[in-house]
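Before any questions on how it binds or moves, here is one chain, the form predicted alone, in structure tokens.
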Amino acid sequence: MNSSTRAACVIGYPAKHSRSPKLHGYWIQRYGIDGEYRIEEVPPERVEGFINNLSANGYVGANVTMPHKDIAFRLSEPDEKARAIGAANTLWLDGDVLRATNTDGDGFVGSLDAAAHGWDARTDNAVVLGAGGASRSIVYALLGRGVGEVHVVNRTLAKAEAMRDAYGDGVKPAQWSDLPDLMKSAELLVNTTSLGMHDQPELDVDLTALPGSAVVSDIVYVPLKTRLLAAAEARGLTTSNGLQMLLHQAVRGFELWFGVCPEVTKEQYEMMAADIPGS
């Protein structure tokens, strides 16, 4: 790497499994950028020093994954989006200031824009399964795109109620027993839980009540087609998967680090999908 090369990385522990270098490497090559994207597997006892010395370590920015998201948030200047969600996954240097954002919600709505053009104009009622960190970013993004009611279905109702307290009355806390009735008027159903993921229990949801115009999204990407998405396709519903979200959530970071707003392409999707078991 010469002195003009711009470099970014993913910081995690473990991190060897990360697909981000392949994802960003595709764009670096496509746009002819003098840049690199690498994996930095940093143990918890060293991560504070690593992030505080990001420039000295040769980086203009970074993605942050588990278990370092909380400390990255604390050590940086988070933007309004990261503060609202309470987590940061993208860091960049603005002069001497380390700034942070959260791109998960952007990735989610970006994947919907690609899979179901105009979805937001016809969606006023969404159902989101789960109330964890991914759910927070997705619910925040849905409200930001004008969805009037987002029903957050969670086994622990208090977590869904906490989201309502944070984001307002557009969030409607619900329990799993409410799901059959909620789906009757849902234009969008989103799974943000780990159910259906490889080596996890299946998500068993009857989609019969969903309107024929509904969109079904699952943020799981291993496997690419979960049981939920297979059932939605069997009904002829529009679907969006976790790999599409992964690709779109990477756009903002790449633009911040390398100065180019990249396009998510079919070729890139197929390249990434080829590495996913069962695809």
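Each residue number is its position in the shown sequence, starting from 1. Since the model is a prediction, treat every value here as computed from it, not as a measurement.
Not on display, but discussed next: the form predicted together with a small molecule.
Chemist: With the partner left out of view, is Ser194 within 4.5 angstroms of the small molecule in the predicted complex by any non-hydrogen atom?
Modeler: Answer yes; at least one heavy atom of Ser194 falls within 4.5 Å of the small molecule in the predicted complex.
Chemist: In the predicted complex, is there a heavy atom of the small molecule that lies within 4.5 Å of any heavy atom of Val127, even though the partner is absent here?
Modeler: Although the small molecule is absent here, Val127 would stay clear of it in the predicted complex, with no heavy atoms inside 4.5 Å.
Chemist: In the predicted complex, does Arg155 have a heavy atom within 4.5 Å of the small molecule?
Modeler: Looking in the predicted complex, residue contacts with the small molecule include Arg155, since a heavy atom lies within 4.5 Å.
Chemist: Report whether the minimum heavy atom distance between Ala72 and the small molecule in the predicted complex is within 4.5 Å.
Modeler: Result no; Ala72 lies far from the small molecule in the predicted complex.
Chemist: Which listed residue (Ala174, Val109, Leu143, Ala134) meets the criterion of a heavy atom within 4.5 Å of the small molecule in the predicted complex?
Modeler: Partner contact (heavy atom, 4.5 Å) among the options: Ala134.
Chemist: Just to be sure I understand the contacts: of His198, Arg83, Arg99, Lys159, which is the one whose heavy atoms reach within 4.5 angstroms of the small molecule in the predicted complex?
Modeler: It is Lys159 that has a heavy atom within 4.5 Å of the partner.
Chemist: Which among 110-118, 147-155, 177-185, 73-81 is in contact with the small molecule in the predicted complex, heavy atoms within 4.5 angstroms?
Modeler: Of the stretches listed, the one contacting the partner is 147-155.
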